[in-house]
Ligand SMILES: O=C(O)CC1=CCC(=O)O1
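Presented as structure tokens, the chain that follows is alone, the form predicted alone.
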Amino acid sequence: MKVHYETAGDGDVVVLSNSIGSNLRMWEPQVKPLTDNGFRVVRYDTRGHGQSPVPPGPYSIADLGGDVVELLDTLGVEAAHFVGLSLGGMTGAWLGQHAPERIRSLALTFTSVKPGNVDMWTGRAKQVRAEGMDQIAAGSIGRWFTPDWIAAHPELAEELRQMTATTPAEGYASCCEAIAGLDLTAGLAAITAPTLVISGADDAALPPSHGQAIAEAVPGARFEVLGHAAHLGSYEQADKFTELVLEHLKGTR
């Protein structure tokens, strides 16, 4: 499927893959630092999100990974660095296993390859199809950020809540179904791309134990935990997050 994307800068390509309930705008803090350091940034909206098509669900992680391969084909890019957060990180782990020739390096952040909570994810899918996104959006901010960050940035928190509220319900639900029952652990040892794993110390949605399990299974992976960061640590600790990603990318040039 051809997904909506935006590009900026010139140089080696870095693909940025968003979390569930967001879109490519979640990467705003990273675009300028990456382009200033000589990378071409490709942000895209995961299928069912933002301005990408919303086909009927359910979706699978293979669908989401296949969309990235098609995006690289559209851009004429043989292989790219890949940075994914949450659902984006799950997509990256699939790509590292199933399309290794297209991936130069991986940054799997605030994510899991076996998230569990199947009933919760299927329940969310059912809920948003019946009721829409407002209630999910209201709860997302408390999962994405620590209370201190929300109190210090109320306008930005509201802007990001709106990003979730305007996500198509069918797209969100179908991605919930891609996450429910997901288990990519068996293929982690086969990943050959240089891999950075980042977790948030305050991430209640996917605690650091999930990231640690990935890093211990992927050969040579580096594991970092960001303090004072909940689930969307790329925003809450943008400078530290971007510094880690840049260090990783420069080390694989």
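We number the residues from 1 along the sequence you see. Being a predicted model, the structure only gives us computed values, none of them experimental.
Form predicted together with the named molecule: not shown, discussed below.
In the predicted complex, the named molecule lies farther than 4.5 Å from every heavy atom of residue 91. In the predicted complex, the named molecule sits within 4.5 Å of a heavy atom belonging to residue 20. Using a 4.5 angstroms limit between non-hydrogen atoms, residue 124 touches the named molecule in the predicted complex. In the predicted complex, the named molecule sits beyond 4.5 Å of every heavy atom of residue 82. With the named molecule left out of view, the stretch that reaches within 4.5 Å of it through heavy atoms in the predicted complex is, among 153-161, 74-82, 93-101, 140-148, 140-148. Only one of 205, 201, 31, 221 comes within 4.5 Å of the named molecule in the predicted complex through a heavy atom, and that residue is 205. Although the partner is absent from the chain shown here, 87, 179 and 231 each have a heavy atom within 4.5 Å of the named molecule in the predicted complex.
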